[in-house]
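The data below hold one chain only, encoded as structure tokens and taken in the form predicted on its own.
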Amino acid sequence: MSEYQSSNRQTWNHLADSGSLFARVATDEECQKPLKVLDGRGWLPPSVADLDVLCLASGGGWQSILYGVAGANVTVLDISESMLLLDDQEAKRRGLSIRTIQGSMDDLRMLDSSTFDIVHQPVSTCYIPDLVPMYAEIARVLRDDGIYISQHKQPTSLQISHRNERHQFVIGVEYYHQGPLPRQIDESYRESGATEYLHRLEDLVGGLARTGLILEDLREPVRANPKAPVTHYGYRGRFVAPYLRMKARRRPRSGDEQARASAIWTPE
């Protein structure tokens, strides 16, 4: 396991073990309307019953449980065993059959090609240094016309280092920063202890196009709160959108691509 993977595994183990809000299982109320909770934009089909879904870097007993309650065949892959334990425990409590795999989002070699109808990934790409291998693997494991739904930290949000005396936000990290991000005073949208990376828009969006995924929609979830005090993350959200949400689709493969996809990818 690489240094960044080990660091992020330990961070998310701690968050899960300490009862963090980022490790909250699905509630009974949410399970009454699982698709609406998962997808407020109409990106998912009307039913996911019997569809094969990969919840990528998505341990914690929330997303997997909602898909499971909705009737999908669910696989969860996450680097944190403590997060996956929450999936296992909640699935058992609700009588659901969910497959959990411990692994890194940018290495899916244990998964066969063309086996999923949906890959759903919450905010997590900031924890890996290179998006291209991950996008290529997602394209490989998706079936033709399969859907990839993801959310990412917006690059400008990760460039903010602190606030000045007037509570204005200072861009203290260069847009072309290489390597792990330095710790900053303003950690409104950072996870303490995690190793994070800034990905530019050409990586986040362009990477999709370069790996056989077609972007169909892009949204910026609103986190602005005009009534929030200046110290609250809702105030920050008035000036910088923290996240991007994207819907992409795996375009139909050519004959050559289908042949390549049938072989399990092995990294160099």
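Bear in mind the structure is a predicted one, so any value in this text is a computation, not a measurement. So that there is no doubt, residue numbering starts at 1 and follows the sequence shown.
Same protein, other form: the form predicted in complex with a small molecule, not shown, and the subject of what follows.
At a distance of at most 4.5 angstroms from the small molecule in the model of the complex, none of the three residues T156, P221 and L244 contributes a non-hydrogen atom. With the partner removed from view, the residue among Q184, S188, S124, N73 that has a non-hydrogen atom within 4.5 Å of the small molecule in the model of the complex turns out to be S124. Checked against the small molecule in the model of the complex, the residues I98, L198, V141, M105 give one hit for a heavy atom within 4.5 Å, which is M105.
Contact annotation: A57 falls within 4.5 Å of the small molecule in the model of the complex, judged by heavy atom distances. Although the partner is absent here, M83 sits close enough that one of its heavy atoms falls within 4.5 Å of the small molecule in the model of the complex. Remark: I128 counts among the residues lining the small molecule in the model of the complex, judged by a heavy atom distance of 4.5 Å or less. Contact annotation: I79 falls within 4.5 Å of the small molecule in the model of the complex, judged by heavy atom distances. Annotated contact segment (heavy atom within 4.5 Å of the small molecule in the model of the complex): 60-68, selected among 203-211, 60-68, 43-51, 222-230.
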